[in-house]
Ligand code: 5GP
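First, one chain by itself: the form predicted alone, in structure tokens.
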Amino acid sequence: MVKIDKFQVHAMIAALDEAERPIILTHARPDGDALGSSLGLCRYLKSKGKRPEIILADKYPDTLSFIPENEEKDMILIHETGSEAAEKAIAEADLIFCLDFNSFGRTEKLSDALQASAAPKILIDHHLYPDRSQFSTVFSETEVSSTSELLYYILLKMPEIEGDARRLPPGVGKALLTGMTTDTNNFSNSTFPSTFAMASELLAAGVDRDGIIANLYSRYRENRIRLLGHLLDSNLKITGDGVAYMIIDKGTAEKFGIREGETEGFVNIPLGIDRVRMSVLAKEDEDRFRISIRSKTGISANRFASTYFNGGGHENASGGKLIFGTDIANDTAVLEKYIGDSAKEFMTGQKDDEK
């Protein structure tokens, strides 16, 4: 089970006792785990009589809009649409919770304001290699499915909860179970015994998992399904070494009217093919291609991401990027060749000119 350092818990409780205006930050382009853990913590802090706010670098995807309640949306400040208010909140905060990122840089537009703040900073994260020097208190555990799961076990250590999920404030368990479900792709990757224990305890406490699943996986727009069909029919490539890859350029995304977050989970689909051992999805963004990588046991998505795509993450679930301004990122055909060549080199240990 997840081990939570009691001294770190005491430090968090002491910091909370002193704080009146805590804020919660997460990484840029928030996903389900980022938003679920942030709202779970926000609801807990409200139950303690605090006045928390969630600060996001970018708007969360419409596909996750069911997670915050209507009245909670006023507590979420988005730098993308209100930079002055977001930076003011960071400057005035007397405690900052940093969720689901391992260094300030992962917050992108919020990084400078976060760096400038003198407030104590509490990290709660499950990624490799946290920059501990940036935080006053660190909860870092890689052997958990998600930040939502780690936060769940931290909250169980709070004196008023006493290890009983039924004592969590209303809505906390729902938010955390949602975040964990998205980061495990509905229990298909990065799961541990503690992950299933968390789910079991929250179900026993009355959390409506059926409602969560319906919101996450049964309410897609038609556009998403048609794009997926297009990619699988005419875009999917599979190398002889079992690496599948797909590329979504801006023109394709616009043709299908795709919104932010609507391609979530696409990278997992090719892993259903027996001979596929690793899957790569490249999606064009404002100034880069964002790279998502998933792999089967025995193949390191993390090492592939760090070696070829300026990224990293978990052993079987990682990501990276290729910034525009290079020949690779400016030409889709060149990018396709780069992915194929990189996959061959990674899987065989040999470059083309060594064959």
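The first residue of the shown sequence is 1; numbering continues from there. Predicted model only: the values in this text are computed from it and were never measured.
Form predicted in complex with the ligand: not shown, discussed below.
Screening 314-322, 66-74, 53-61, 34-42 for residues having heavy atoms within 4.5 Å of the ligand in the model of the complex returns a single hit, 314-322. Checking Lys121, Arg106, Lys283, Arg277 for any heavy atom within 4.5 Å of the ligand in the model of the complex turns up a single hit: Arg106.
Residue contact with the ligand in the model of the complex: Ser47 places no heavy atom within 4.5 Å of it. Contact annotation: Lys157 falls outside 4.5 Å of the ligand in the model of the complex, judged by heavy atom distances. Taking non-hydrogen atoms only, Thr307 never approaches the ligand to within 4.5 angstroms in the model of the complex.
Contact annotation for Arg224: none of its heavy atoms lies within 4.5 Å of the ligand in the model of the complex. Contacts between stretch 209-244 and the ligand, counted in the model of the complex as any heavy atom lying within 4.5 Å, involve no residue at all.
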